[in-house]
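One chain follows as structure tokens, the form predicted on its own.
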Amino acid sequence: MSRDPAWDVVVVGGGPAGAATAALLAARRWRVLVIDKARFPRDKPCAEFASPGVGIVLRRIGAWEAVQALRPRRLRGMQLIGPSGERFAGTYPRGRALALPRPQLDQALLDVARRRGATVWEGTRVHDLLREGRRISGVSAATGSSPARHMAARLVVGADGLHSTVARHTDAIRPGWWPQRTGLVTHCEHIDGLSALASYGEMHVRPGAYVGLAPLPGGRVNVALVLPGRAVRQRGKDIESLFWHELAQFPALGSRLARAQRTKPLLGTGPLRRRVPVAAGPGYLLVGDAAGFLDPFTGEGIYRALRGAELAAAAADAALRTPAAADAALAAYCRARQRAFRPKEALCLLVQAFIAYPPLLEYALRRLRRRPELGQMLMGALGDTHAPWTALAPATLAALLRP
């Protein structure tokens, strides 16, 4: 095995979290290597919906123009539709959500990292981590059938997604106990009523399942169906018929599917919840889905990836500049993530409780329609532009639930 010259940072994973972390660190003149097993542009299962807060972070990290050049759809809000057809059209109080294909978004962000000076190795798989005692000191990776190479690094960033190799080899992953769901994602065209999606996405809920529709450039629609994991496992390989059968069970959607056609392969992912109690340790940190994953009803992924990258880059920069205090900087990163994401996680679990009991959800939708100020507060929190605690305050919940 060959041993490469040391890097300051090896980032495992070139998706939004890894690319943004690499771009920010390369801009600070650190020697950054990004390794990804895929070759870009590559597809992956994703709702392809970015909350208004994503635009704010993109501007801060200097990637807004690159993403805007892709001409994403800009969405004013989201329609929430219950099993009986009860609905609430929530408008974001600040900014617009973005909807665009993940291959384009990921490529744009990775190109930003390259322009900042990061080195990118595509088609290269990390098999193991290097260690010096308890400290992670690099990675072992190979391209195709080539011999493995050892890349020494002062810091390893695990940004390699839900099934992270870095998280697994550092024993960071814990299964989430609830909810346990699987996502099936594709693009469709010819969904009737498409004009209603011109500026709003849709979330349809029924007992045990939900589906999100996000209009994309070119008239396509991202369709992301989320089901209990056991339902998918029981169907085995017959996923295509399962997908269309389950979509037809949503009352306000089924009648609109007569002409619908898939325009890309059906992709699956799960389980859609993963706990990572500690997102950093000696010589490494985790970011993006590798640092924990929430059920995606509220569109968490891309915002958490990019905001987490800001926190990760700040912690990595501090650790690299002052090696004697590196462990303290990484511990501070864990605390910063908790401050940044824990309130929203609590709000997401509350939303999941409403989803689990559809009569309560439909009651809440009626209340939100009658109390527009509550709807604005909720949409600001879900859109990552307003503090989640405002939506979680006892007075807010009481106003939402009382007759």
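All residue numbers refer to positions in the sequence shown, first residue = 1. On a predicted model such as this, the values are computed, not experimentally measured, just so you know.
Another form exists, predicted in complex with a small molecule; not displayed. Remarks below refer to it.
*Pick the stretch from 146 to 154, 79 to 87, 318 to 326, 300 to 308 whose residues have a heavy atom within 4.5 Å of the small molecule in the model of the complex.*
Heavy-atom contact with the partner occurs in 300 to 308.
*Which residue, 38, 27, 56, 70, has a heavy atom that falls within 4.5 Å of the small molecule in the model of the complex?*
Checking each option against the small molecule in the model of the complex, the one that comes within 4.5 Å is 38.
*asked:* Between 188, 247, 108, 185, only one gets a heavy atom within 4.5 angstroms of the small molecule in the model of the complex; which residue is that?
replied: None of the others qualify; the residue that does is 185.
_Does any part of residue 135 reach within 4.5 Å of the small molecule in the model of the complex? Heavy atoms only, please._
No.
*With the cut-off set at 4.5 Å between non-hydrogen atoms, does residue 102 touch the small molecule in the model of the complex?*
Yes, contact at 4.5 Å.
*asked:* So in the model of the complex, is the small molecule close enough to residue 45 to count as touching (4.5 Å, heavy atoms)?
replied: Yes, residue 45 sits close enough to the small molecule in the model of the complex that at least one of its heavy atoms falls within 4.5 Å.
_Contact of residue 159 with the small molecule in the model of the complex (heavy atom, 4.5 Å)_ = Yes, residue 159 lies within 4.5 Å of the small molecule in the model of the complex.
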